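Below sits a lone chain in structure tokens, taken as the form predicted on its own.
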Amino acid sequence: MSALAYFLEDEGIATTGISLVREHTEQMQPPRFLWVPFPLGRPLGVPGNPEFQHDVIAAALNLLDSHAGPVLADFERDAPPSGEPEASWSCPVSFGGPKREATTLVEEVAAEVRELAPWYALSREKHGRTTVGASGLEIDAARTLVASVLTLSDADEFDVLKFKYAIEDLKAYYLEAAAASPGADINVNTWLWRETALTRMIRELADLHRDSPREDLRTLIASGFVPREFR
């Protein structure tokens, strides 16, 4: 959509759009986009709420008043509850039960990554592709990089872009594995943020570095690092 927006703008047609993944939109820098803090697949919030959906569309259209870009505006409201019952998690790999023998959060994440490996492999075989790979790291290396930020000091060399991509790879790995599990009929985004040690680690990282002297790290954490609905 961002590339299409550039083409249309070159032809003299003003464009606007809605972004669910802020990092991707920041990279593409389209002329005008509205970032919304909603789950993937729901750019207008929740089904069956036309008033709220109208507000989202109106906020995106209002960006057409901006003649200079790129413009990336935030939609400041969370989506209201959908009223839909939470689907049950039927995957044999469930992280909502008793804790493992792992004694640290880092070990718990390592165990999750191992347990999800068969389902991730099944997803790749089934679809012939994956969205994991933005960091250029193997998944265990991405996990190690993210975990290392728990003990990051101000003096340590640190590539915040690599860190961001490593987190995106881990989230994609979890979501693709979850969606491939037999009989899985769940909101995988809710499962990811409510039941996994990975996102407990991400929240802990956000809490540790929210006031970091590193401006790039503070900016990352402030820009939807943890979705508002799951904070």
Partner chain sequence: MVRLADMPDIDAQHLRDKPCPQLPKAWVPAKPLNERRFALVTTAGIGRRDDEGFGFHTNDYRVIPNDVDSGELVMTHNSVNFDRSGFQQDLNIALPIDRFKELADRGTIKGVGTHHYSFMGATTEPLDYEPTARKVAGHLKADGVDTVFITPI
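Numbering follows the first chain given and starts at 1. Only the largest set of C-alpha atoms that superpose within 1.5 Å between the two forms is called the rigid core. Quantities reported herein were computed from a predicted structural model and do not represent experimental measurements.
Keep in mind that the form predicted in complex with the partner chain is missing from the display, and what follows is about it.
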| property | result |
| --- | --- |
| Heavy atom within 4.5 Å of the partner chain in the predicted bound form - residue from Ile139, Val149, Val109, Ala134 | Ala134 |
| Residue contact check: Glu195 to the partner chain in the predicted bound form, 4.5 Å heavy atom | no |
| Interface membership of Arg77, the partner chain in the predicted bound form, 4.5 Å heavy atom rule | no |
| Exercise: Arg42 in contact with the partner chain in the predicted bound form, heavy atom 4.5 Å | yes |
| Partner contact for Ser223 in the predicted bound form: the partner chain, 4.5 angstroms, heavy atom | yes |
| Core-superposed C-alpha of Glu215 shifting 2 Å or more between this form and the one not shown | no |
| Rigid core fit then Ile57 CA moved by 2 Å or more between this form and the one not shown | yes |
| Threshold 2 Å Cα movement between this form and the one not shown for Val226, core superposed | no |
| Direction of the Cα shift between Asp74 and Arg194 in the predicted bound form, where the change is 3 Å or more | farther |
| Closer or farther: C-alpha pair Arg32/Ala206 in the predicted bound form, relative to this form, given a change of 3 Å or more | farther |
